[in-house]
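Okay, here we've got a single chain as structure tokens, the form predicted on its own, with questions on binding and movement later.
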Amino acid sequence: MNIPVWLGLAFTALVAVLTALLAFKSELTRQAPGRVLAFLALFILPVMASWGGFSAQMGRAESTRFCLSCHVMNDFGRSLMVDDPSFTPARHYQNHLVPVDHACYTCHTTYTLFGPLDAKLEGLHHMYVQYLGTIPKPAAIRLYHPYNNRECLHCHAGMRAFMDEPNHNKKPGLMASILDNRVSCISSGCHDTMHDVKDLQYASFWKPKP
């Protein structure tokens, strides 16, 4: 659950006020109510404030805006607006087939038990590279692992448009191979055009109507 930023700030402010009160009125801790207040101010509320801040930032890290806030990701953001339906990310983004505010996280999170945790850990590595490492050129950026059909099937499995698509059924057993991840959705000749940032200079871009 993502805690609102204002709630975390409220806890932080309350901790500061109560800590200041106890610092100037240390005699309050001589009585049981004062000791309870000290316990709240020095232990319970700081933990709640820390959790609130952590939760808010983890929620922010799932946003498209956050993912594209690094300069090296600019071209990946631009690729979402390419006016060409063969660009799979652009087609999904422009047609709201994924939540536009969480587009990157939606497609690049592994849909397994620890998928969200893995995505956040990889995000920490990205932050390290951004500030302390060597930033690669956009065209050199690659996925950590081959893209699993599971991530596509999380939304598409069972869809009539997907199951009845002629190209998915043109050969006996092809659909079963797709569902079992034996034939990749992004293999050559299928949905193989992704962000393709190296060729953006030749692309035309869609401009949404105001």
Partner chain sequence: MPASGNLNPNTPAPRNHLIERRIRLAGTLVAAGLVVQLVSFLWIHPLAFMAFLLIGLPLVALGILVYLLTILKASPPAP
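Just so you know, these numbers come straight off a predicted model, no measurement behind them. For the two forms, the rigid core is made up of the largest set of C-alpha atoms that agree within 1.5 Å on superposition. Residue numbers count along the first chain shown, from 1.
Below: the form predicted together with its partner chain, not depicted.
- When you look in the model of the complex, the only residue of Arg65, His154, Lys171, Arg182 with a non-hydrogen atom within 4.5 Å of its partner chain is Arg65.
- Out of the listed residues Ile135, Leu97, Ala140, Leu124, Leu124 is the one that sits within 4.5 Å of its partner chain in the model of the complex by at least one heavy atom.
- None of 157-165, 36-44, 144-152, 171-179 except one has non-hydrogen atoms within 4.5 angstroms of its partner chain in the model of the complex; the exception is 36-44.
- Although the partner is absent from this view, Ser187 stays clear of its partner chain in the model of the complex, with no non-hydrogen atom inside 4.5 angstroms.
- Under a 4.5 angstroms non-hydrogen atom cutoff, its partner chain in the model of the complex lacks Leu200 among its neighbouring residues.
- Although the partner is absent from this view, Phe114 stays clear of its partner chain in the model of the complex, with no non-hydrogen atom inside 4.5 angstroms.
- Among heavy atoms of Thr12, some come within 4.5 Å of its partner chain in the model of the complex.
- Annotation for 45-83: interface residues with its partner chain in the model of the complex are Pro46, Val47, Ala49, Ser50, Gly53, Phe54, Ala56, Gln57, Met58, Arg60, Ala61, Ser63, Arg65, Phe66, Ser69, Cys70 [heavy atom within 4.5 Å].
- Residue displacement note: Ser187 has its CA displaced by under 2 Å between this form and the one not shown (rigid core superposed).
- Once both forms are overlaid on the rigid core, the distance between the two CA positions of Leu18 between this form and the one not shown is 2 angstroms or more.
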